[in-house]
Structures are given as structure tokens and as C-alpha cells.
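The chain that follows stands alone, in the form predicted on its own, written as C-alpha cells.
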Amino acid sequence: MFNVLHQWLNRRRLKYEHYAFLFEAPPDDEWVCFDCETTGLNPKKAELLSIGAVKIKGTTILTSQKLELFIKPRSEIDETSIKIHRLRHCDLEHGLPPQEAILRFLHFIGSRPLVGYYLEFDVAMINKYLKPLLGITLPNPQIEISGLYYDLKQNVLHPVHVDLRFDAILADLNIPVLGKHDAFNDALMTAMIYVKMKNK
């Protein structure tokens, strides 16, 4: 009931009707995995640097339908951030304005459910730019793969410790490690985790 009310209120706040497609019923058996690289871990202070996303249809990852956006930061990127994602200010000089990147992202995801690893942070980063732009927050259903993995590994009768680190999940599911802290690679690895768990 709360979710229905929240969606109704969110829909009423939409500033531009041509983005009403975000609230439509999603296509059958389709999802989008996405990830963001940012200047920090506090959504209130951090800036978006890149967004990577890939579509899934059934149990097939549609690598031909991918999104990789780089965003021009408004301020200098500190050294600590650069060591993590290896994106320097000069690498992003020709990046998109954040608002344009967000709108491209919306057209890519449509109303599909979103899949991610610690998705709450990435959604908060998108919403930080989306709310002033369109008046709404992302209405898409959200699927957290660390929660799915925990449910897959946990034994109700004999509870066990479940290692939810990204590397540990990849190793346990025998999924190759691509270049980490790259938004598209992280989205692709997340998609592989999701598909592997669906197959189980």
C-alpha cells in the first residue's frame, strides 16, 4: 500500500509528461544493471563521473545494448578518488553535462527494473540530479544482488556467515573479474551475477 501511494505521489510530481514512460508497465522479462562512478561516497556531496548500464532479456545479457556515459565534473577530482576509479579531470573535460547524462540514462532504462550491487547509493546519486530536473525520484523497481545472493546462500535452519563482498560473490559464482571501478565493467559483472543466480 505504501509503495502504491509513493508511486502515485511521485507520478504527480513529474514536471514533463513526455517522461511519463518511466511509470509505465515494464517490458516482460527485462532488466537493466547499472553502476556509477563518483567523486566520493556521500551522495549529498559527491558528483557523478560516469554511468554504465547494460540490458538483460530473460537470461541473456545484451552487451550490444549498453550505455557508457562520462560526465564533466564541476570541480577538481581529489587524488583519493582518482586512485579508485582512475578518472582524472582531463579525462572528463569533454564529458556530458550531468543533466544531459541523466536524461540519456532515463531513455535507456525506460520503466525496466534496476539491478545493482549496493544499489541504494547509485540510485541516490541519480536522484540527486533527477529530482531538480524532473521533480521525481527513480520510479523503477529495484533489485539488490547482495540481498539475492544472501538469500541464495543462507540456510534458515542452520544460519551461516555469508560474505557479501563483491569479489567474494564473483569468486563463489566463478565469474571473471573485469576491470573494477569502471562503471560499465561493474554493471556487466553485476549482470553476470544476476543471470547466474537466476539460472540457479
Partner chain sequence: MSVLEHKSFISGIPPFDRLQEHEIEAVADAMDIAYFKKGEKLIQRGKSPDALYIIIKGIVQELRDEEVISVYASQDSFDAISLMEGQSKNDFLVLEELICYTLPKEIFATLLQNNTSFQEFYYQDLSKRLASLIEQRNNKDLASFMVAKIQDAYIHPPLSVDASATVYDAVQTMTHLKANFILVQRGTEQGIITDKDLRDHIVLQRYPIDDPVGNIATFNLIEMEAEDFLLHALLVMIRSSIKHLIIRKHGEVLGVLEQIDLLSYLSNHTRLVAVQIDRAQNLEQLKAASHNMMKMIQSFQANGMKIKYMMEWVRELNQQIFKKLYALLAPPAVVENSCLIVMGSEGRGEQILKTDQDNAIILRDGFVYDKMDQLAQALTDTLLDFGYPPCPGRIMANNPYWCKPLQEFKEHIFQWVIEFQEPLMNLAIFCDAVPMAGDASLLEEAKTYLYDRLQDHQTFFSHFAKPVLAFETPLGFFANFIVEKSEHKNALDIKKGGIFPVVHGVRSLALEHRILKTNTVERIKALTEKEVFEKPFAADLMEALCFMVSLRLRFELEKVTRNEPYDNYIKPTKLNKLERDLLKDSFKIVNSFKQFITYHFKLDRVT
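Residue numbers count along the first chain shown, from 1. If you're wondering where the values come from, they're calculated on a predicted model, not measured in any experiment.
Missing here is the form predicted in complex with its partner chain; even so, the following discussion is about that form.
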If contact means any heavy atom within 4.5 Å, which of 26 to 34, 170 to 178, 135 to 143, 148 to 156 contacts its partner chain in the model of the complex?
170 to 178
Quick one: does I61 come within 4.5 Å of its partner chain in the model of the complex, counting heavy atoms only?
yes
In the model of the complex, L14 touching its partner chain (heavy atom, 4.5 Å)
no
So in the model of the complex, does any heavy atom of N185 sit within 4.5 Å of its partner chain?
yes
With its partner chain taken in the model of the complex, which residues across 185 to 200 come within 4.5 angstroms through any non-hydrogen atom?
N185, L188, M192, V195, K196, N199, K200
